[in-house]
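As C-alpha cells, one chain now follows by itself in the form predicted on its own.
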C-alpha cells in the first residue's frame, strides 16, 4: 500500500509538471511594452502584455518571471485585465500570488496571474502589470562630499524575462534628469532627453535576457524608514489615539568630509542637492492634538494643513539628512472614533483604517502596526488585501484588570502603494464600558466610607 501511494504521488507530480510545461508552450506574448520609472528611489515598472492562447485547451492563468536580483527587492505586483479601447477602457483587477516552479532557470522567481475567465484557444487578452522595486538603485560612487551630486546604477534587462515566447517588445527607462553618464547599448537602443529606449526586439525565445546597466544622476530624497511602529488605540469614549515611532535614514550615497552649515544655507541648490531637510506626512482628515517630538523634546519646525479629505503635516528634522545619516522621532494625533469604527451586520465592531506609512515617497524596511482594542474585546481578526504576519499581544493600561488585546500586523518592504484600508473585527459587550467608571466610583466610595468611619469612631481608651 505505501508503495502504491508513492507511485500515485509521483504520477500526480509528473502530471502537474507536464501541465505547467504544456501551459507555458500554449501561451505566447504578441506584444510587450515595459516602462521603468527611475525618477525616485522607488522603482516603478509598468508592463503592458498582449497574451494569446495558441494551444488547444483553455488557459486559466499565466506566469510572470523575475530575476533573483529583483525578487528580493520586489515590494508589490499588481495586474489588471484591460477591455475596450481608448476612453471606453475598463480595468478588472486580477489575482496575483507568488508561485514556486521546480524547474526555474537561474533561480528565477515567479508570480501566478489568474485570468478572470479562462482564455480559450485563439483568444487574446491585454494585461497591465505594475511591479515596484526597492533598494534597486546602487549609489556609485558610494561616498560623496556635500557639494557633489548623487550618481546611481540601475541593473536590469533590455528584454522582458518571461517563460513565454515574445513576438515583439520594447523597454523604456525614464531618468529624473538628462544627466546620464552611461548606459549599455543593446541594438537597437537610443536615448532622447530623459528617456532611454531599447527595441523593438522581434521573436525572442522564452527566458531571453540581455543585461543592461544605466548610470545616471538621481538627487531625489532617498528616505528610508528602517523601522516604523504605529500604535492605534481604540477608546469607545470617543477617539482613536495614533502614535508613530520612526527610525529614519538617508539610504543614498554616504556623506564624506565635513558638513558646512553656512554653505548648505547659502548654496542650497548646489550644496547638499541629494540631502533632504523636510518631509511630508499625509494624515487622516479631522485630526487633532497633533504633536511632533523626539528624545530631546518637542520640535517646532512643523506646519499642519487640515482638509475634508486629508490632512498634511510638513515637518523638518532637527538637522538635514545626508547619505547614511539617521534621525528618530515620534508623531502622534487623535481622530474622531465615528469616522473609523463601525458595526458589522453580524453585530461585531470593526476598525477601518489605512495601512502603511504616512510619509510620502518613503520605503519602510519593517512596519509593525498595533491595534489596541478596548478591554473586554474578544475574537479579534484582521482583513487585509495582501499577506502580513499577524500576532496577538496583551497590553495593560490605567485601571485595566485583564489587559487589552493587541492585534499586531507586521510587514517588511512597505511602499506607498501599500497605503490601503484594512479592517480589524472584534466583539465587545457595552457593559464592559462601565467597568472603569464603576472602579472609580467604588474607589471614591471606599475612600469616603473610610474617612467617615475614621471621623466618627472613637479610638480613645479613657472615657471623657
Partner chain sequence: MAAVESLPPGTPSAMRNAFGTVLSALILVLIGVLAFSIRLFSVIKYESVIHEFDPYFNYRVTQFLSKNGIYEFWNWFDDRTWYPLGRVIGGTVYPGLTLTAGTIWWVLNSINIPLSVETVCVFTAPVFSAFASWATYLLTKEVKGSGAGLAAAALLAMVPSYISRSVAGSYDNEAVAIFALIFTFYLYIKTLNTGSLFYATLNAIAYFYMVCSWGGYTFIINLIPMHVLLCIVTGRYSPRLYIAYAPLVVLGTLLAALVPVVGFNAVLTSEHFASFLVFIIIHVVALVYYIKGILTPKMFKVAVTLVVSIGLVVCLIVVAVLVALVASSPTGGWSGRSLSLLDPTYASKYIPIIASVSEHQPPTWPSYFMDINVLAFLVPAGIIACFSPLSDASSFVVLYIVMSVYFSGVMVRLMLVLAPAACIMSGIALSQAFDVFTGSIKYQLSSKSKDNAEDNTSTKNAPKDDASSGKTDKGEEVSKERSSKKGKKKEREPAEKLSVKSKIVKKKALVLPLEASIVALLLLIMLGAFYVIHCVWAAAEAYSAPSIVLTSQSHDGLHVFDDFRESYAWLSHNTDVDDKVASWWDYGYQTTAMANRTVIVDNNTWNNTHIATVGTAMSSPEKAAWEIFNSLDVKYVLVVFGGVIGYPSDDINKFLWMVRIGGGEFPHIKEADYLRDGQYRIDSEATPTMLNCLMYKLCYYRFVETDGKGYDRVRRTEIGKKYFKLTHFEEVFTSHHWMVRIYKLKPQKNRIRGRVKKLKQKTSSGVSSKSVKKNPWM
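Quantities reported herein were computed from a predicted structural model and do not represent experimental measurements. Numbering follows the first chain given and starts at 1.
One more form of this protein exists, namely the form predicted in complex with the partner chain; it is left out here, but the text below deals with it.
Residue contact check for residue 296: one or more of its heavy atoms lie within 4.5 Å of the partner chain in the model of the complex. Among heavy atoms of residue 85, none comes within 4.5 Å of the partner chain in the model of the complex. Using a 4.5 angstroms threshold between heavy atoms, residue 319 counts as touching the partner chain in the model of the complex. Remark: residue 353 does not count among the residues lining the partner chain in the model of the complex, judged by a heavy atom distance of 4.5 Å or less.
The stretch in contact with the partner chain in the model of the complex, judged by heavy atoms within 4.5 Å, is 296 to 304, chosen from 193 to 201, 365 to 373, 119 to 127, 296 to 304. A heavy atom within 4.5 Å of the partner chain in the model of the complex is found for exactly one of 141, 98, 385, 324: 324. Residue in contact with the partner chain in the model of the complex (any heavy atom within 4.5 Å), chosen from 259, 276, 315, 183: 259.
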